[in-house]
Every structure is written in structure tokens, then in C-alpha cells.
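Consider the single chain below, provided in C-alpha cells and representing the form predicted alone.
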């Protein structure tokens, strides 16, 4: 019997009726002759509710205790789903991340999966049970509970699929698949039937919220076939996998945007070896992820260094950078959160020339000023003013023919 791993997000298990709907879907898969492992997120907005509770009792709760708290949300979901499946007459068991053998490093709130001991899972499957696993969590070598960060249930599901050598990992969400841009914002975005790991990884890391970037990375490393589809219908979604004979006739596959970018600029940085290392290693040691980086030479032996990061890390990064500029002898550091990152992604860029020129030309037609540029083989990202993000996305969707019909406004 082939193993199928299914993951259902918070909106899919938001209430009792949703949980019953998911239970029917899981049982349907089992009765088609598959062994089923189902990964579940916390119900609806329950994680946000737990965070609010924590803030009410402490202004600065420890990350360890936050992980202990937030891991309970998934435990509610898995037990309720197991009850619903049992009511349908199928043998089932719910397991927390630690019970499922998910071992992580010790970075609370952003832990990475280091290993999965799958013997318990295999035993339960061999006994004919549907196995429900709590997403988003694991355990350290010191037996501390950890969480994997927002969207971590995606990573749990793909990692379990890799460990169990599953036939496929199905990621159920509230959209019908992967689109050329967010269909909840641009109503007539095209749905993609297939997308490569590299394209999906770029889109996910650039702001597309369909999959967590680490889950795509896991899928690519372990060659896990991922099917992104809706939990509210039975339509085929989007397959994420490597396609060796892919013809790159589609130059641009999608447009991603991120309104949570913040631009930092460090002024009058001494031009000497090791200074950039001091800046970015200090940020890395605090688990602060940096994205776009530009260095501008000034007169004499000074430079300005500009980089972007996520708004959620802005306050911590600013605190760190105020200490760093004293250490390296820089003049000042500023941050600007009134910016947005807009990106185009496509494997076809590798063999097609002039894509960057087309992008810049399209933005120029709309009088959108580009403040930073970052590129790779299959992506081009630009930083623009936040109030121009909508216009930029709409124009690029039009420029690269990524809509089903006429362009509609982002709501």
C-alpha cells in the first residue's frame, strides 16, 4: 500500500464542521487503498489567540515558554480530528510532533528538523490506523518542545513524506493551487498546473504564502512530490516537482510581492576587510534573515551598505545594528518600513534574454521608481514604495501575460 501524507492548514480545520469535512476526506483516501498520515495545523486563528494571551501575562515571555504554549494549538486539532475519524468507523491515532519522532535543533520559535525517527509511525500504519500528526512542532535532544515558525506544518508534512518515502505529499489550503500571483488579491491570476522546486522556492521566499520556503527546500532535497490543492473541492491543484524535460517557453511563471520588507541603511562604513562580516554575522547570530544587499562606494574610504529584512525582525535588528555601528566605526543606521518588494520568477529566464529590461520598462511606464535590485538565475526582485506595490504587480501581470483575462485591481 502506498503512503500518502496530507496536510491541512488552520482554515481547513477552523471549526467542527470543517474538521468533519477533513475527516471525510482523509477516510476517503484511506478507503481507496492508501496508508494515510495527516498533518494538521492549529484551528483557525487559535495561534494568534495564544500569542495575545501570552502578551497579557508578560511583556517579554521567554521563547521556550512560547513554544510550550503555541504547541498546544495543534494538539487540540489532532485530537478533534482523530475523534471525527473514529466516528466514521476507521482506526486512528493522534500523535504530537515529539511522539511522531520529529527531532529538531534548539532554536526556539524557528527550529529546524534534524531527524525523524519513523518507527512509531510505521508501526501504527502497519496496524491499519490513520495517523494524525501535530504540525509545526518537534523536540530537542534535551527533550524541550520547539516550534518550526509560521507555516511550519508544511515542513512537518514534507519531512514526514520524505522519511516515510510517501508517494505524494498533499498540501491542502484555501486556494486551488499555486497561481501566478496571490488570487485572493488579483482575482484573475492564472493557476499553474506544474511548477519546479526552484521556482516555488523563490516564490515562497519572496512573499507567496502558499508554502513555507523550508518545506519546498525539503521537497527538493528529498525529491518529494508535492501537490498543492484546495481542501474545499476535489479539483486538481498544482504539482511541485522537478521536470527534467521542461521546455522553458514560459519565461515568467509568477509575480510575488512582500509588503513586510524593511530597508536598513548603514552610513559611512569604513572600507576595510571584515566589516561586512561583522554586520551580517552579528545579524545571523541573532537568527535575523537578511535579503537584498547593496553596497555603495562613497568618496574616500567609506561605503553605505543597504539591506532588507522582514518587518517582524525590525526592532531586534535595529537594536543589534546600533551596537554594531559603534563596533565598526560607522556613522549611523536608519530603517524604512514604507517599502515593498516585488519579484518576477521563472525558470525560463535562464535561456531568455531581455527579461530584466522588460520588467524595468513596464515599471517605468507606470512611473514606479526602483530603489533596490536583486537577481538570481530565475528571479528579479525590486524594492519600491509600498503605495506603488499594487500598481507594480498589476503592471507586471499584464506585461508577462499572467492573467486569465483583463486585469482587476488588487483589493
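Positions refer to the first chain, counted from 1. Everything numeric here is computed off the predicted structure, so don't read it as measured data.
FYI, the form predicted in complex with a small molecule isn't displayed, but the following is about it.
Can you work out whether the small molecule is within 4.5 angstroms of a heavy atom in all three of 307, 374 and 381 in the predicted bound form?
No, none of 307, 374 and 381 comes within 4.5 Å of the small molecule in the predicted bound form.
Contact label in the predicted bound form: residue 47 to the small molecule, heavy atom within 4.5 Å:
Close contact exists here: in the predicted bound form, residue 47 approaches the small molecule to within 4.5 Å, heavy atoms only.
Might residue 153 be said to contact the small molecule in the predicted bound form, defining contact as any heavy atom within 4.5 Å?
Yes - in the predicted bound form, heavy atoms of residue 153 and the small molecule come within 4.5 Å of each other.
Any non-hydrogen atom of residue 42 within 4.5 angstroms of the small molecule in the predicted bound form
Close contact exists here: in the predicted bound form, residue 42 approaches the small molecule to within 4.5 Å, heavy atoms only.
Does residue 218 reach the small molecule in the predicted bound form if we count a contact as any heavy atom within 4.5 Å?
The answer is no: residue 218 has no heavy atom within 4.5 Å of the small molecule.
Of 34-42, 364-372, 349-357, 59-67, which is the one stretch near the small molecule in the predicted bound form, taking non-hydrogen atoms within 4.5 angstroms as near?
Looking at the partner contacts, the answer comes out as 34-42.
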